[in-house]
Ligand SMILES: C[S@@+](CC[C@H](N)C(=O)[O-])C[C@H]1O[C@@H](n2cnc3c(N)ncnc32)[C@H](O)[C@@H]1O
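Below sits a lone chain in C-alpha cells, taken as the form predicted on its own.
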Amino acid sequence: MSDYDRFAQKYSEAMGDEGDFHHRVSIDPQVYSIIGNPMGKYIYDIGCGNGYMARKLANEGAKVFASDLSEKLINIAKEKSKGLDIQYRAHDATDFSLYQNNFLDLVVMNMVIHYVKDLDELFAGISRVLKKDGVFVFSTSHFFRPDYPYSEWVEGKINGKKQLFIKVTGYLKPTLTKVISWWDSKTELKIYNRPLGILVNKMSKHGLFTFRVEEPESVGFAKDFPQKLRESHHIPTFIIIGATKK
C-alpha cells in the first residue's frame, strides 16, 4: 500500500469531479489552455488522482492513459469513469515500461512533479514516449511560494506605501522536506522543492523545451488583511509550464 492510499477517499472527495477551488480557479484553466483541443489525441495523465482531469479529456474526445501511485485512487477513478476511453494503472510516476516509444501526443502532470525524486528518470521517460513535437505540461507550487516550508506573509512598506510581502529563503538550494499530510494529519510525505532553473535545464537535457509559462494571479489568499493590502494577488501561488519534444 502506498502512503497516498491512507487518505485516498478524503482526497477524492475534496477534488470532486472538477478539482478543488485552486485547481478550478488558478491551475486547471492554464493547463487546459496549453493542452488545447484534446480531440483525437493520445494523452497520459501522470498522478491522475481520482481521474477528474482524465475524464474531462476523454469526454472531449481524447484517448487517455492515466496512472497514480495510489491503487485506491485508481480504483476510485475507474469507478467514476465507466464507459469512458481511459486506461488506468497504478504505478510510480517514473515507470514508463508499459508505454511505447513516440506513442503519445501529450503528457500532463497536475500538481505532481514536486513529489518526484528523480527528475532525470522522469524526463527521460516522458521524452521517450512523446511523439516529436509532442507536449508536456505540468503545474506545481510557484518557486517563490513553496508549500513547505509554508510561505509567510509579511507587512512592510515601499516608498512609504504599505505592501504585503512573502518571505523567501534558500530558493536556489534544492531541498527535501518531510511533511505531514494535510489530508489525514498523520501520513508523512516527501516534497522536493527545486529552483526553476533545475527543472527547465533538466527538461532540455532530455529534449523537452519550454515554450510557455503561466503564473496566474493568486486568488483567495491573505483574506485577513485589509482590502488595500490584498495586492498579494500579484504574488503567484502556482506556476504552469508547457514544453515540447524536439
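Because the structure is predicted, anything quoted here is derived from the model rather than measured. In this text, residue numbers run from 1 along the sequence as written.
The next section is about a form of this same protein that is not shown, the form predicted in complex with the ligand.
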Quiz item: Of 99-107, 130-138, 85-93, 163-171, which is the one stretch near the ligand in the model of the complex, taking non-hydrogen atoms within 4.5 angstroms as near?
Solution: 85-93
Exercise. Answer yes if any heavy atom of Leu199 is within 4.5 Å of a heavy atom of the ligand in the model of the complex; otherwise answer no.
Key: no
Practice problem: May I ask you to check whether Ser218 falls inside a 4.5 Å heavy atom distance of the ligand in the model of the complex? | Solution: no
Quiz item: How about Val64: is it within 4.5 Å of the ligand in the model of the complex, going by heavy atoms?
Solution: no
Quiz item: Is Leu119 close to the ligand in the model of the complex, meaning a heavy atom pair under 4.5 Å apart or at it?
Solution: no
Quiz item: If we check the ligand in the model of the complex, which of the residues in 13-32 reach within 4.5 angstroms of it by a non-hydrogen atom?
Solution: Met15, His23
